[in-house]
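In the form predicted alone, a lone chain appears below as structure tokens.
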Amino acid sequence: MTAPFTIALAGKGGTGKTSLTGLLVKTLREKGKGPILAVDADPNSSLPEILGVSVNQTIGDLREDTLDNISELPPSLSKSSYLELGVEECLIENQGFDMLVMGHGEGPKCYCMVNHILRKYIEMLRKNYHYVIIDNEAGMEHLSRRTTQNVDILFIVSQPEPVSIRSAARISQLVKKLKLRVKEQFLILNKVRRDLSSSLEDEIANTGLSLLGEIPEDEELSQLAVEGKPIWKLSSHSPAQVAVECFLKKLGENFSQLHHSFRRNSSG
């Protein structure tokens, strides 16, 4: 199988990027574009609830357990094998999509060896999927740690407010400054209630980002969150669902064509 088409999401807290991540997974799955790997890279870990899955172990838990028990491993079991088995236990399997939850960040211990092996096995795991969707933590810390890499498209999510749009611009600038391997960046406006003012359009123009789509405020989506119900309960005609399908269509005639187009470009 070829390398997966990878979409990552970034944005300041409160922009609704986790809900958008859920909508992307839902849309891809319903269009039969799996298998999909959903990665929750936000220590707050709210994506499992949105996708309706239970988490028994995170990658952060595995990392800590490995360092706590490394001296007690039997001689016949290498550290690499132990971690490989652990990653498989962290993988949450579902119909049409699987999920990995990264969990909490690093503490005061030395994580170099563990992180190196984990990156290797997660990269191997990624190759089993057509699409990888990554919900990053709020803000820019994940970018400065260079955990957002090898990404085909980065959706920078913003609310239709000057402060939020300027934050999106800073995220985009940091991606370029750090020379992260991100092929394309797009701005997504979320929770839109009215037509954009001319001053807000100027703010967007100043970011240098292409505005790919606007997602309207969606009462049905908000009610699901209040009731703790998964994204699968959202009706196909909900404004947010329709908006996501529309802006994805802008990226290509269909997802398959989009995927193969980027694979050709990356290999050329």
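Throughout, we count residues from 1 along the sequence that is shown. What you see is a predicted model, and the numbers here were worked out from it, not measured in a lab.
Omitted here: the form predicted in complex with a small molecule. The next part is about that form.
A heavy atom within 4.5 Å of the small molecule in the model of the complex is found for exactly one of 225, 200, 242, 55: 225.
Only one of 188-196, 94-102, 160-168, 120-128 places residue heavy atoms within 4.5 angstroms of the small molecule in the model of the complex, namely 188-196. Using a 4.5 angstroms threshold between heavy atoms, residue 30 stays clear of the small molecule in the model of the complex. For the chain shown alone, residue 216 is a contact residue for the small molecule in the model of the complex, at least one non-hydrogen atom being within 4.5 angstroms.
Although the partner is absent here, residue 37 sits far enough away that none of its heavy atoms falls within 4.5 Å of the small molecule in the model of the complex. By the criterion of a heavy atom within 4.5 Å, residue 59 is excluded from the residues contacting the small molecule in the model of the complex.
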